[in-house]
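Only one chain comes next, encoded as structure tokens, the form predicted on its own.
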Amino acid sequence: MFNIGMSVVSLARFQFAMTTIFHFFFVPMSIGLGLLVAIMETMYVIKKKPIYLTMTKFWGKIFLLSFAVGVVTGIIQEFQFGMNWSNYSRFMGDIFGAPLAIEALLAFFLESTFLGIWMFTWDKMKPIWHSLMIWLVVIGSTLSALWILAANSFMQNPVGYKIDPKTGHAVMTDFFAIIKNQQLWYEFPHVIFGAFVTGSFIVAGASAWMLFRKKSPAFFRKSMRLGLIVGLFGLLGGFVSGDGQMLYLTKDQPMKFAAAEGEYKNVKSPAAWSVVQISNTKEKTASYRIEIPYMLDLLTYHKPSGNITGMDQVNKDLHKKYDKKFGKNMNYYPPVNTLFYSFRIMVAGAGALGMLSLLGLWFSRKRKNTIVKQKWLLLLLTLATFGPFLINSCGWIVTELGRNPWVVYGLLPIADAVSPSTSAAAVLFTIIVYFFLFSFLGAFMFVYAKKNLEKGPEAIDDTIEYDTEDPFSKEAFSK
């Protein structure tokens, strides 16, 4: 057998990370853009202004493309369960079967069916009924995410199951326990709010770029403001839901929480929060810290007192709990530096997007609309288009790597989940194939979206004046 000097486990994990992150570029994009498009069409129904219909059709084209690419990348991702993770599929099949079947047969069919109706009935339905179609697509996409996350939440916090003594596989005993899983109801809103932010900043960032170039300012100012308003709402929701999720982790997955905060030792109140630090994962020590006093207590317990269980103590507790079943050689420490900085990039990135939202709304307000003159802000908002993708990826890195060494927490280690017949060379080959396929899909998506953007709203309806806003008019300088 051809030996490439790499383990199947490492390659399979890298491939799954690559495909999951790329797929997750498009899932929140399509959910978020779907919401924005639905709001735009609803505004057209209520206000009867043609510009909102143009906005709906214009941004709807990019939404449709993101939906299509998301479906393709999702199919590729599912191939891996049988190719690289067959032991995992056998172990989890009875649990995964129900939510994934419901997702495919109910939620995905709902969104795809009504998406088709929405696409081909512009002149065949009354506006109010046509707008209902896109709202049903948004509901279907949200339900689809719910069922996928129900399966993922079981991997984080197994509930409603028993282990079959003959096969050693997990068997569902309580479907509603899986639906009521606490992990799901912390994870689901956080993901959905993140999707709203993603779609919002795609609209806001792309609009900012066109305003920077002084193209159709009336159209793109209105689009940008809508994106920033919805984005700000999504950021606030993400902050609240994320805060609740981290509080939940202190009890449910204390190792993930301690790693995200870089704490090896138990920390007594007052606990400082490390903004920057370097962890020595071999020595299990941390150095070069920049700390904010009391902040870890405030973030964790919302009061200036409390105790944090460090990774060393959690590692001892996990060995005591699982050594009899999985042996003493298990390493329960996750990749600390990766989790530490992924968490901070996620939080800092969300804060930066929030500040940009407020600035963008302030400078584009009706009373003193000078946004076109703020070149620096428009460029920052353009760059912010890519911010949610980085933030979402960092969030998933914390979620997935934080439960290391488990695929299913406390039940199935990563090393036991890989397909026994898969070779490292085969996995490496598919990694290369997927990489080029993803590169092609990503380039296609970018080029098509840019082409649609360059055409402007005039390509949708050239009977409307989109250049009526003059940044140097008397109104622009009024107080």
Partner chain sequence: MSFLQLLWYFVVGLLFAAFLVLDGADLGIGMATRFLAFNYDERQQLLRTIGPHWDGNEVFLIAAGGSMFASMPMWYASLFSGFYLLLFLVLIALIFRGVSFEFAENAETKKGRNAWMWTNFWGSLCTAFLFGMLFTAMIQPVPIDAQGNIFASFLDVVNPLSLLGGVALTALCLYQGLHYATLRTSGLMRDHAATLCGNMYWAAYPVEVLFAIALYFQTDFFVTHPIATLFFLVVIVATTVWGHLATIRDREWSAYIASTVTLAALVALIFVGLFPNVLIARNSAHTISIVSASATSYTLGVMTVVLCILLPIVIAYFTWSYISQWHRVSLQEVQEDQDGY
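This structure is a prediction, so every number in the text was calculated from the model and none was measured. Positions refer to the first chain, counted from 1.
The next section is about a form of this same protein that is not shown, the form predicted in complex with its partner chain.
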Which listed residue (412, 53, 441, 39) meets the criterion of a heavy atom within 4.5 Å of its partner chain in the predicted bound form? 441
Sort through 209, 114, 340, 406 and report the residue having a heavy atom within 4.5 Å of its partner chain in the predicted bound form. 114
So in the predicted bound form, does residue 84 come within 4.5 Å of its partner chain, heavy atom to heavy atom? yes
Could you confirm whether residue 43 comes within 4.5 Å of its partner chain in the predicted bound form, counting heavy atoms only? no
Classify residue 280 as contacting or not contacting its partner chain in the predicted bound form by the rule of any non-hydrogen atom within 4.5 angstroms, answering yes or no. no
Tell me, yes or no, whether residue 97 is in contact with its partner chain in the predicted bound form, where a contact means a heavy atom of each within 4.5 Å. yes
Should the three residues 57, 65 and 89 be counted as contacting its partner chain in the predicted bound form, with contact defined as a heavy atom within 4.5 Å for each? yes
For the chain seen here without its partner, which of 191 to 199, 209 to 217, 356 to 364, 168 to 176 has a heavy atom within 4.5 Å of its partner chain in the predicted bound form? 168 to 176
Out of 419 to 439, which residues reach within 4.5 Å of its partner chain in the predicted bound form, heavy atoms considered? 419, 420, 421, 422, 426, 427, 429, 430, 433, 434, 437
